[in-house]
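Before any questions on how it binds or moves, here is one chain, the form predicted alone, in structure tokens.
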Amino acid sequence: MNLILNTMPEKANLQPIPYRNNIIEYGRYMATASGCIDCHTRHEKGKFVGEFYAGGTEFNLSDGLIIRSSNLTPHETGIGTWTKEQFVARFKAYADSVYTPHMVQTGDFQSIMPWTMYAYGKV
């Protein structure tokens, strides 16, 4: 851990967790802690390009299929028409005790989003 902490490009800027009723700051905290920007913002040569959270990052799967990350911006092309309840329900669908992950066959719909990893978080 010492090696990691001492080779980071900048010192950690630790902040307290915002209050949940401050929805803007709490949302920023959740998106940052979850690392959403890493997949949902395009990048080239290690630098983000384009609008943050606009999606479009390409993932090349082993069967030659390319999938792209979704647009999470508040525009019509993103999730701007979603309610908070719809957004949370998308994740919570994978926390249901009857959900069983299945093997995805070549050519089937693919997702690399770790839904089950985020399904049990508190909102």
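Numbering starts at 1 and follows the sequence shown. Since this is a predicted model, take the numbers as computed values, not measurements.
Beyond what is shown, the protein has a form predicted in complex with a small molecule; the following relates to that form.
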query: Interface membership of I17, the small molecule in the model of the complex, 4.5 Å heavy atom rule; finding: no
query: 4.5 Å heavy atom contact, S34 and the small molecule in the model of the complex; finding: yes
query: 4.5 angstroms heavy atom contact with the small molecule in the model of the complex for N22; finding: no
query: is_contact(F91, the small molecule) in the model of the complex, heavy atom dist at most 4.5 Å; finding: yes
